[in-house]
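Listed next as structure tokens is one chain, alone, in the form predicted alone.
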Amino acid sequence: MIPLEKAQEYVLQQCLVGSPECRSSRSSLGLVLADEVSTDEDVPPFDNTAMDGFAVRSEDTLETPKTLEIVGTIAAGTIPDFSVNSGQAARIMTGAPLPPGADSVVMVELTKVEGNQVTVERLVPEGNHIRRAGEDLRAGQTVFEKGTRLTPTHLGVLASIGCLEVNVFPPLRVGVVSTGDELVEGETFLKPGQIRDSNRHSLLALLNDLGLEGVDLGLIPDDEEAIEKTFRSACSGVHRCDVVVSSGGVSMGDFDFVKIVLDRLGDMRWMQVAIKPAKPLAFGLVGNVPVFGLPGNPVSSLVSFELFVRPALRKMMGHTAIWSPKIKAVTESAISRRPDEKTHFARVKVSLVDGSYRVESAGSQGSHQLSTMAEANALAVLPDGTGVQAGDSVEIILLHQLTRGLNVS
């Protein structure tokens, strides 16, 4: 067996960051900036009002109520061609530029209008309800750093500074395939020895969780010709994926068609990693395409994805933080294991209680028991030994984007 960290290091050495490309900002949602973005403009570009109301001179409201002459109206998108002098006010709409002479805005709810006069009922401090030029962003300022993942709000900011194109790391095409004669699809009646394929569906969903769209390469039987055709198509043919993720056919006792094909097509390493579940792992390059061979047991497949595939994909996508953070939590009850020179990743349920993470076992820990993986929202990292007792501190890795929101609560 090899240490987990050594296996992860080898995988990451082979998975390179993609070459940046220039894309429309509007089509860059979820992608990572390859360069910093700065602005040549102030945002907002001019002083303007945050409210519908009246632009006034604050000194005119030192004694209230105060009646002022209305000398004009300023709508958003227009430029005032008059000034506000002492004893005067201008009707103004949200977003409109402040007229010369005015230094504050009183909201319409605090006024009374009769003819061409307005009565201000309360003192209005200087700068009241005014959005100053450059209050959000200043010309020359760095808006977003390299490595920023673009969310819908980021795209809004880019639009606000007139940034129509950005240099980003391109999206990845990730192919997913399941292999095995025992696997069938959907509602098909199960014959003796058959099971329904779940790995492909879970792995494709995990890619979606990462903001990627996976390429479904299908369910392939233990047939050497069919397996080779699929991998050739994925790595250099019709499908032309940037990464390929396969499940099944990597354990010591498996039929060796996947091994035979991948060894023929690329430079593969077949590893036994000192972890449980997910000890067997295949990884290598077919051409320049990283290929992951994950175990066939459903839980092992998903744990392998979290430990190897997710960080590799995040690196290739240009993320600067590629690892899921490890967080300290307190156990609600004992989580046992046997000494075996491996690090165990136990399925647990985590909750945030009074600012502290609390965990309990999600149930049975067999690598075939997918239902307890569904109950879990984190993995507890258990070093070699007998496990942890109630009240002990344990490291956890949060699973899925929705769960990771707990980290910022």
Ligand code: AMP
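All residue numbers refer to positions in the sequence shown, first residue = 1. Values in this document were obtained by computation on a predicted structure and should not be read as measured data.
The following text describes the form predicted in complex with the named molecule, which does not appear among the structures shown.
Only one segment in the set 98-106, 79-87, 229-237, 294-302 has residues whose heavy atoms sit within 4.5 Å of the named molecule in the predicted bound form; it is 294-302. Contact between residue 208 and the named molecule in the predicted bound form is not found at the 4.5 Å heavy atom cutoff. Although the partner is absent here, residue 248 lies within 4.5 Å of the named molecule in the predicted bound form, judged by heavy atoms. Of the heavy atoms in residue 215, none are within 4.5 Å of the named molecule in the predicted bound form. The named molecule is not drawn, but in the predicted bound form it has no heavy atom within 4.5 Å of residue 288. When the named molecule is considered in the predicted bound form, only one residue from 110, 183, 327, 268 comes within 4.5 Å through any heavy atom, namely 183. Checked against the named molecule in the predicted bound form, the residues 132, 338, 196, 138 give one hit for a heavy atom within 4.5 Å, which is 196.
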